[in-house]
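Given as C-alpha cells, the chain that follows is alone and in the form predicted on its own.
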C-alpha cells in the first residue's frame, strides 16, 4: 500500500507541471496511507524531472520522517496538521499557481460567479490567514478556513493555494480547477463587474455535480 501511494504521489506531481501550476521545485502533493497514521510527500528541493516513487518520503502525522533518503517538503508540517485534524482528507496539494496566488496576494476570495465554481467549490474560494512556513501555523489556517466550508481550496494570504481531497488525485483536481477559475474571474473583471449567481442556484449546481454528474459504479 505504501509503494502504491509512492507511485501515485510521484505521478501526480507531473500533473502540476502539465497544468503549469508550479515553477522550479515549488509545490507538493501528499497522500495519506489508508488506515495508517502515515502519509507520503514530495522531498524538499528536488527537481520535478528527478522525482520518482523511490524518492518520495514517508512521514507520520506529526510530520516526522519515517522512511526515505531525503528530507521531506518544507510544507510537511502543514500537511501533517491537516491530516491530524481532518480525518476525511486523503490528499493535500500546495501550489503557487499564478492567478490564484495573485488573488491570495490581494487577500481576496475568488467570488462564485461561474457555474464551474458552484460545481467544484460550492461557493467562493476563501482566503486563509497569513502564516509563516516552518511550523504548523499554515496547517492551522487551512483547517480553520476549510472546516465547515464546501470549498476544497483555500488561498493562504500572501502565499498560495492549498487544496484537499478524499485522495491525492481529488486534491490535484481541485488545484487545477482553482487556477482555472481564478484566471477566468480575473479576466472577467478586466471587462467589468462579474454577474453573481443566486445562492439557491449555487446549491443546486453543487448538489448535481457532487451527486449526479459523471459515471456511477453499478450496484
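Numbering follows the first chain given and starts at 1. Predicted model, so just to flag it, every value in this text is computed and none were measured.
Just so you know, the form predicted together with another copy of the chain exists too; it's not on screen, but the next bit is about it.
Does residue 187 make contact with another copy of the chain in the model of the complex, using a 4.5 Å heavy atom cut-off?
Yes.
Does at least one non-hydrogen atom of residue 166 fall within 4.5 angstroms of another copy of the chain in the model of the complex?
Heavy-atom contact with another copy of the chain at 4.5 Å: absent for residue 166.
Quick one: does residue 44 come within 4.5 Å of another copy of the chain in the model of the complex, counting heavy atoms only?
Because a heavy atom of residue 44 falls inside 4.5 Å of another copy of the chain in the model of the complex, the answer is yes.
Using 4.5 Å between non-hydrogen atoms, is residue 113 touching another copy of the chain in the model of the complex?
Close contact exists here: in the model of the complex, residue 113 approaches another copy of the chain to within 4.5 Å, heavy atoms only.
Along 181-209, which positions have a non-hydrogen atom within 4.5 Å of another copy of the chain in the model of the complex?
The stretch touches the partner through 183, 184, 186, 187, 188, 189, 190, 191, 192, 193, 194, 195, 196, 197, 201, 204, 205, 208.
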